[in-house]
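Only one chain is shown below, in structure tokens, and it's the form predicted on its own.
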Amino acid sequence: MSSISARRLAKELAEIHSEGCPVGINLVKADDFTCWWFTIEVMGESLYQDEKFTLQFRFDSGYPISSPAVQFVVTDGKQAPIHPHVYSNGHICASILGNEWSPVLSVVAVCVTLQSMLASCKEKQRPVDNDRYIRHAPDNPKKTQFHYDDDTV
């Protein structure tokens, strides 16, 4: 882990501990600067009312210049939300995790964006290519070249 990455993650973690997370987002685990877990739930009326999901963030030494690898946890009884941009293996097709990543984004900002993505969903369904994708998907979602063409769901 580079010193830049470690300093940035230490700063973000200190802010989470001092200011807390936004409503519906909770830090579950941040034992080191390589992997953090959060739970997110959509507040208010939505298709995901009363559902809680776990997000895993994996950081490499390039963070925050390079995006974290972010996915929903799908082990130990946890499931990914059924959403047009979320594959059943937990991978998320979201431009802010790929070509629209910016070093000014924080872990909490990513959580809020994903929470908003779920809140605005109009129909619970998997991506049309879910079965094909999960058969060939890499372990690290950052190694996938997603095609971002639908921001209406």
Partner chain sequence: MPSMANFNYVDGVNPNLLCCICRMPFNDPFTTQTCGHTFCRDCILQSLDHVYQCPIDRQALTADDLKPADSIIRSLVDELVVECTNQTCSHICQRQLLEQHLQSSCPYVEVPCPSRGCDQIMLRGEAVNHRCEYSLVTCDACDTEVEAAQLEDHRIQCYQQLTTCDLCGLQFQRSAKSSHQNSCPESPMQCPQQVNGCSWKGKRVALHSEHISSCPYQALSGFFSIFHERTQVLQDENTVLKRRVESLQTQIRTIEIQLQSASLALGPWFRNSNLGLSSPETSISDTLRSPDLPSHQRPRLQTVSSPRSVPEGDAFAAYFPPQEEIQSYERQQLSAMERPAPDRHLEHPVRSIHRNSWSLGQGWDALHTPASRTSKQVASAVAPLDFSCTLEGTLEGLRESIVALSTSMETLGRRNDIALTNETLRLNEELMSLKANIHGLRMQMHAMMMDNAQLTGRTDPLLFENSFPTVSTHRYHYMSNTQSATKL
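Nothing here was measured: the structure is a model prediction, and the numbers come from that model. Residue numbers count along the first chain shown, from 1.
Another form, the form predicted in complex with its partner chain, is not on view; read the next lines as being about it.
Residue contact with its partner chain in the model of the complex: Asp32 places no heavy atom within 4.5 Å of it. Heavy atoms of Lys11 reach within 4.5 Å of its partner chain in the model of the complex, making it an interface residue. In the model of the complex, its partner chain sits within 4.5 Å of a heavy atom belonging to Trp101. Proximity of Ile65 to its partner chain in the model of the complex: non-hydrogen atoms within 4.5 Å are present. When its partner chain is considered in the model of the complex, only one residue from Ile96, Ala69, Leu27, Leu47 comes within 4.5 Å through any heavy atom, namely Ile96. Contact annotation: its partner chain lies within 4.5 Å of heavy atoms from the stretch 103-111 in the model of the complex, the single such stretch among 124-132, 50-58, 103-111, 35-43.
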